[in-house]
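Structure 1 and structure 2, given next as structure tokens, are two forms of the same protein chain, each shown alone.
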Structure 1
Amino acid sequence: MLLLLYLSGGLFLGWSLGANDASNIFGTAVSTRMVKFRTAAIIAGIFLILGAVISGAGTSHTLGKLGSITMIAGAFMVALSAALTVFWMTKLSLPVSTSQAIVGAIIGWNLFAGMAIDYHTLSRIALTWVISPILAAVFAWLLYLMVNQLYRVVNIHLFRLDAYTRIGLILVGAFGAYSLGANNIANVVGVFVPVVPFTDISLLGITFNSAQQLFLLGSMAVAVGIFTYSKRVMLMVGKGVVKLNPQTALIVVLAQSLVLFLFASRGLEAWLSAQGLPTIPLVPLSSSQVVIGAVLGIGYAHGGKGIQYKALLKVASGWVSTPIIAAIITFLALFFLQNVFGQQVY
């Protein structure tokens, strides 16, 4: 019971991730009524859990390198502080991401515990945040050109295109949910990996280690967030600044999913390493910022008209402000937990 109480910080973060970020995958599909919310939520929930349990370890490992939290009370406060940062900044309509909040929170723990900050890992993480929206823009731009070329060659009846688009939105949505789970589960429960007292469980011949059990728990919280709160966020996507049609949304979601997958796949990392090629750092990203990059890519493919460069500034400001705010909140919260409640946090 006490363990669950400690985990609640991360689970709350997971709930808010599900409530907000599922709209990056199924927002347009649901708001344009191409896919029913129920269908979207079930697919997103299942594939997000699969992605988290099967491929969530890579980004968790990177966060572990940034700061391996030694006490469960400390992990609780780090996760809760990140969640509070996200909650507070969202309320103030400031650009925020759970990935940047958790990294800031870990740094806050490092500072409080007097641990040395691994600047090499931190700089790799920061660089990835900058690169990921750019990469998404490039992917979206290329996919857009390819799809447009395909349109020119193949004549698809309007009604049949509707059917293909629906199927595409569901398949790409499933891939997107898998990638989001793989990439972002570290934000939710990654800090608990070194401290959680789970033992390995064997089920149907498959062994689930303690990290995977933790990822399962965290991703279930994300799935609850999707089912309970993401519908209104998804419907807002349709009324938002960037209104995409279902075909363009398909490209944006695919570009986003590819980027999230690239920065979470251990298999790809191993393959690149085996080929003697430079590996891609496994870093939790902000799916919202990746989506902004993909939408900008489509904007460029359209000739660059109507691109709001203010959106880029907002993204860039989030890279700096979120970790700093999260670090300060975490530092203060750890001080409070240690000195008022007498808990050992490191």
Structure 2
Amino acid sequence: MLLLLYLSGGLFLGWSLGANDASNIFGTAVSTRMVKFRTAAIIAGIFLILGAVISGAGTSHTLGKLGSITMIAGAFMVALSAALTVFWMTKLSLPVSTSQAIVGAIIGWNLFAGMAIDYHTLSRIALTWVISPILAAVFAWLLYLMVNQLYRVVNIHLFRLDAYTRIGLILVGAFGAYSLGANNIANVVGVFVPVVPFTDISLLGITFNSAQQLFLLGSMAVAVGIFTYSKRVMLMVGKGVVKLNPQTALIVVLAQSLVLFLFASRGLEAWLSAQGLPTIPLVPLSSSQVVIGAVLGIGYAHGGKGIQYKALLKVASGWVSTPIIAAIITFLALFFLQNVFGQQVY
């Protein structure tokens, strides 16, 4: 029972991710009314769970380098502080990032525990926060040019185009949900991996290790967050920065999904290493930043017209403040937990 109480911090963070970050995979589709919210939530929940359980281990190793939390009470408070930060930002309708929140919370734990911060790992993570939206913008821009060229070559009836677009949004959304689960589940329960005493279990001939059990619990919490609280953030992402039509919405989702997959695939990392090529770091990305980058790519493909810079500035302010707020909350909460409740947090 005490273990479940400690895990509740991570489950709350998973719910917050579902309410905020996970909404980005179907935000453009829902905001353009090509896919119903309920349909999007069901597909996102199923494929996110699959991505988390099957491919979620890659990025948790990177977070472990930033700060390996040694006591379960400390892991609980780190996750809870990150969740409170994300929930507060969500209440403000800001598509903030759980990646930034958990990184800020881990830094807060490092400062409280007197642990050295691995600045090399931190710089790699921060660099991906800059690179990922730029890469998504480039992908979206290139895909937009390719699709426009295809429209000129192939004459598709309007009703058939509408049907193809709906199918495409669902398929690409499923791929995006899988990629998000693989990339971001480490944010939800990664801090618990070194300290939770789960033993391996077998079900229908399949063995699940302790990390996969954690990823399953965390991803189920994310799915609940999608169902219960993600709709208004979907509408903010889809309409707040650039107005999108259904076809450009499809491009945005595909560009975002590709970027998330690139930074979560252990198979791709191994293949690049075997070929003697530079590898892509397995880092939990901000899906909010990635989707905004893709939306901006569409905007610049139209010559920059229609971009709502005030809305973009509001979103960017959330990105800057999130890790700072999370670090402060975590430091204060750890002090309170250790000195008032007598719990060892490191």
Partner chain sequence: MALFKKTKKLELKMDEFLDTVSESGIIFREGIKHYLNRKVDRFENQIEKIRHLESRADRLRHSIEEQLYTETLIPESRGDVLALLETTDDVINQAKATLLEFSVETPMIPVAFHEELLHLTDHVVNAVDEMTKAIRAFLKDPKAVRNYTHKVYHYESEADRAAEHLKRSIFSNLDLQLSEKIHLRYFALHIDTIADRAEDVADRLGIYTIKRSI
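Residue numbering: structure 1 sequence, from 1. These numbers were taken from a predicted model, which means no experiment stands behind them. C-alpha atoms forming the largest set that superposes within 1.5 Å between two forms make up the rigid core.
Of the two forms shown, the one predicted on its own is structure 2, not structure 1.
If you fit the rigid core between structure 1 and structure 2, you'll see the Cα of residue 32 move by 2 angstroms or more.
Comparing the forms between structure 1 and structure 2 on their rigid core, the Cα displacement of residue 68 stays under 2 Å.
The Cα shift for residue 318 between structure 1 and structure 2, taken after rigid core superposition, is 2 angstroms or larger.
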